[in-house]
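A single chain, nothing else alongside it, follows as structure tokens in the form predicted on its own.
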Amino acid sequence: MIKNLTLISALALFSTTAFAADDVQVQIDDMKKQIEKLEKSQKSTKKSLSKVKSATGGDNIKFGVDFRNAVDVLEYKNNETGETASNSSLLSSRLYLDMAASPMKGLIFKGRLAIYSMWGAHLNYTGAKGTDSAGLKDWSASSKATDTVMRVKEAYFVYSNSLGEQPVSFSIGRRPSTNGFLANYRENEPKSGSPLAHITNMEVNAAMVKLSWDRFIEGAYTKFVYGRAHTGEIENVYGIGTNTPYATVDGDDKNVDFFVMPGNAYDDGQYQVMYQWAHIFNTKGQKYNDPTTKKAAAGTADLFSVGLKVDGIGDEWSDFLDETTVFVSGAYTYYNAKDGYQLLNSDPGGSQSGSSVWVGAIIPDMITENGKFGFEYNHGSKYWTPMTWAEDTAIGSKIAVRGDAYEAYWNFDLFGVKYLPSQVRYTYAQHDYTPNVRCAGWVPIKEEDITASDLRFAVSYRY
């Protein structure tokens, strides 16, 4: 009896094992079929990619998006006359479409298209109360909230190689010259543009040669940049009776070229020292006591700046200090009029100089994972006149203030999402002299007592 039971159990076990083996084999066959389908799909995808690469020569352009929406609350007051002005809700949207490509080692292209518009604004700004406006330069319109026209903010290529042991880079196009060194923190941008924002914060069209000195001093380099900010009067291409289109016209409206030399004196990742000298040829001004000739080629301008940034206080003293950044920057401007002309109220053929200091600290907010609080202070003298045409606040350039400017901001990721960088920022400016809104040598300067403030709430999508 026991033998029979043992036999029956063995047969049952064998039968069960056989059926289980059959099930496993069925599953293996199904998996093989799925793998074959995936391999076929992969081959099809590779063929499609090969066709794309064949059509594009193997080159690809990567795109990125930076889309910011903001509301600004603006207040102005002339403390001498009692006049006030305000805007309780200036709504704006700014879209950057970024492009980058590297078809070969050592050669890259970068571009940025920009739309910066006010909600509900006219497509073309015509000035106060419908009066005609001089319009915006092609290099400044994408830095001011105006309309919904897409403009080229940046477009340039860089070729890098070595001449023996000397690394050399060459670039030409519209430079990444806004929100440069130190300005990127208040703009809640992780990386800074090329120049020192203290004296240059505007789009420029230029050619650049960069020489690296890193083999001698850590992080050191110098850039040599030559470009044009204004094309003087030229023969009308569509005019009747002219056979010399694009030829220059004799007169005071001449080309305004510039030479800029920014560089890193030292950068080890924690301590960074940057410097910059800029020379402007034929800077705009006027004949002496003749306002009808304003914006004439009236002389030259030289601008200097040196800045120090410390990214992390001490050496692992605490997490808070490790995540703290402090900076200080000094700058100087010198406008020199030619005979018979004046710049910034100068005597005929005279000169005017100005100076500025800019300090800041960025600390962890201790509230969010990556949030930071920032505090900045600017002071400028009577004739302080940098080239900061880009709109760093809706009340004008606080970097260019002739007086004092105080600023506090909170940079954080909305809902903790790194793709939604956001900011709350308050800027207060005390103008002791004519507000340096246009940063131009032809604007007369006098004593003023004007205050301005800007409270901004902004949220961006950045990917």
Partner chain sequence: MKSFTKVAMASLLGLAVLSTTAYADVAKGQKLYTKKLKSLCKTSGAKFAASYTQMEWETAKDEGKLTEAFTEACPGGEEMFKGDKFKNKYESHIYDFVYEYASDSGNVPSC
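Positions refer to the first chain, counted from 1. Keep in mind the model is a prediction, meaning the values are calculated, not measured.
Omitted here: the form predicted in complex with the partner chain. The next part is about that form.
- The partner chain in the predicted bound form is not approached by L113, whose heavy atoms all lie more than 4.5 angstroms from it.
- Of the heavy atoms in S88, some are within 4.5 Å of the partner chain in the predicted bound form.
- Proximity of Y341 to the partner chain in the predicted bound form: non-hydrogen atoms within 4.5 Å are absent; the residue sits far from the partner.
- Among heavy atoms of F67, none comes within 4.5 Å of the partner chain in the predicted bound form.
- Of the candidate stretches 377 to 385, 250 to 258, 310 to 318, 281 to 289, only 310 to 318 has residues with heavy atoms within 4.5 Å of the partner chain in the predicted bound form.
- Only one of E75, E391, E187, D98 lies close to the partner chain in the predicted bound form, with a heavy atom inside 4.5 Å, and it is E75.
- Of the candidates N336, T368, S117, T293, T368 is the one whose heavy atoms come within 4.5 Å of the partner chain in the predicted bound form; the others do not.
- Contacts to the partner chain in the predicted bound form (heavy atom within 4.5 Å) from stretch 317 to 344: D319, D322, E323.
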